[in-house]
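Just the one chain here, laid out as structure tokens, in the form predicted on its own.
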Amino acid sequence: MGFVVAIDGPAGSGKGSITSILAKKMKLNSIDTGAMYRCVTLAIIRNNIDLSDMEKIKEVLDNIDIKLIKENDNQIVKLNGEDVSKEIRDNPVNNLVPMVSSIKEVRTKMVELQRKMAESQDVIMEGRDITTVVFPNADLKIYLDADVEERAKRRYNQNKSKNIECTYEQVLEEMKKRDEIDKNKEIGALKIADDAIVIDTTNLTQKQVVKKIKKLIKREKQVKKLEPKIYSERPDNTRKRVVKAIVKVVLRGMYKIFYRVEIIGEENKEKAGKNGGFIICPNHVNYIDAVAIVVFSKEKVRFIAKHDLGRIGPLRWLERLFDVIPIKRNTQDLEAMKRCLKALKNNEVLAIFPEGTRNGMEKNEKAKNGAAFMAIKTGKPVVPVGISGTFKLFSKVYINYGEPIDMSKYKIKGKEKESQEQATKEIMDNIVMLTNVKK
């Protein structure tokens, strides 16, 4: 799979024009997914096919040939060998494409074609479900948004430049209806992916939006290039063990001096570890709290951390030294999951932040079920941890380990999702309680 940039957003948010500019500037192949659905719609119109006639629609899909060709920096859309670039933008197609794109068979075929296009090239794609359905594991996901009034104004000006007769009020009303249809589709509904970066373009110029996304693309390309190093595991040998021991002693001393760290409930880890590995679940208050957990633990603790931290050289070195497991957050990172489950089966100690981000509880972020899932699947206990303190220099930081939680009661066949939710709630309730340390 090549490098994939996926851009979602409602009509008039600037997806098309922004994608086109970025494709040229960042040397990415632009695949206009909307144009592909429009081609299917045009084929249905030309063949006078009723949208309820699935046999004829399937026949169109089986024989359709869509090509997106670059000519003099312009995109030429060809349907079965014919240039239909202008015709797919006319009103008959505009009016019918929302219904056509909602047909399951149409979406399945288009997703198949779009994924195939990205197999051997670096691409940038825009569409209304590109980050959630077509490429849920895209290297970079962007959700472009803007107030509906601003989006209607842009579309109205666009129509005027193409000599399309309309009023602003008409465009605004159509835009509102389109938003409602797109958000409530049974298949391919418009929604924000969990790990998408939302950019509100209401008060931004096109140039400002392009600049923001260019920076993000450069960063993610760097991460992609470094992935072999980020995901590689450093062999456990004498040299590594000696270096790790020295680093732990140095860091522990620094934390004692600068943050006056106090450990409470250390015996609870010993209880959890009687029968092998376990999972540590702390709250996440600062980017350096994970280090404190590791260097003050007698056990070897393997943290699970977002993979893009590995783009920073010194952090990558520390992560490999302490066998951190990198994970692509909010995606189905099967490689990371396999490593975690293998570590637990080997009776190792894993550490994961259920909040998923710093100060997640304060931000009212929904806790992640990853720790609960792994604990239930492997039968390993969870040790909740409450971290109290700001990590300001010379302030006091408390790391409070709670009683191990037996997750076996949540292993209920047929109710996996509900059980994980309940288990996560119990973990978070314990973490909250453990942060209330008497200081």
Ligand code: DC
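Sequential numbering from 1, following the sequence displayed. Source: prediction; values computed, not measured.
The same protein also has a form predicted together with the ligand, omitted here; what follows describes it.
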query: The ligand in the predicted bound form: contacted by all of Cys340, Gly370 and Lys417, heavy atom 4.5 Å; finding: no
query: Contact residue in the predicted bound form, chosen from Arg107, Lys191, His284, Arg252 - any heavy atom within 4.5 Å of the ligand; finding: Arg107
query: Answer option from Ile327, Val261, Val97, Leu204, heavy atom within 4.5 Å of the ligand in the predicted bound form; finding: Val97
query: Interface membership of Arg178, the ligand in the predicted bound form, 4.5 Å heavy atom rule; finding: yes
query: Interface membership of Arg89, the ligand in the predicted bound form, 4.5 Å heavy atom rule; finding: yes
query: 4.5 Å heavy atom contact, Tyr37 to the ligand in the predicted bound form; finding: yes
query: Partner proximity in the predicted bound form: Arg128 to the ligand, non-hydrogen atom cutoff 4.5 Å; finding: yes
query: Region of this chain that lies against the ligand in the predicted bound form, out of 313-321, 207-215, 99-107, 291-299 [heavy atom, 4.5 Å]; finding: 99-107
query: In the predicted bound form: members of 175-196 within 4.5 Å of the ligand, any heavy atom; finding: Arg178, Asp182, Lys185
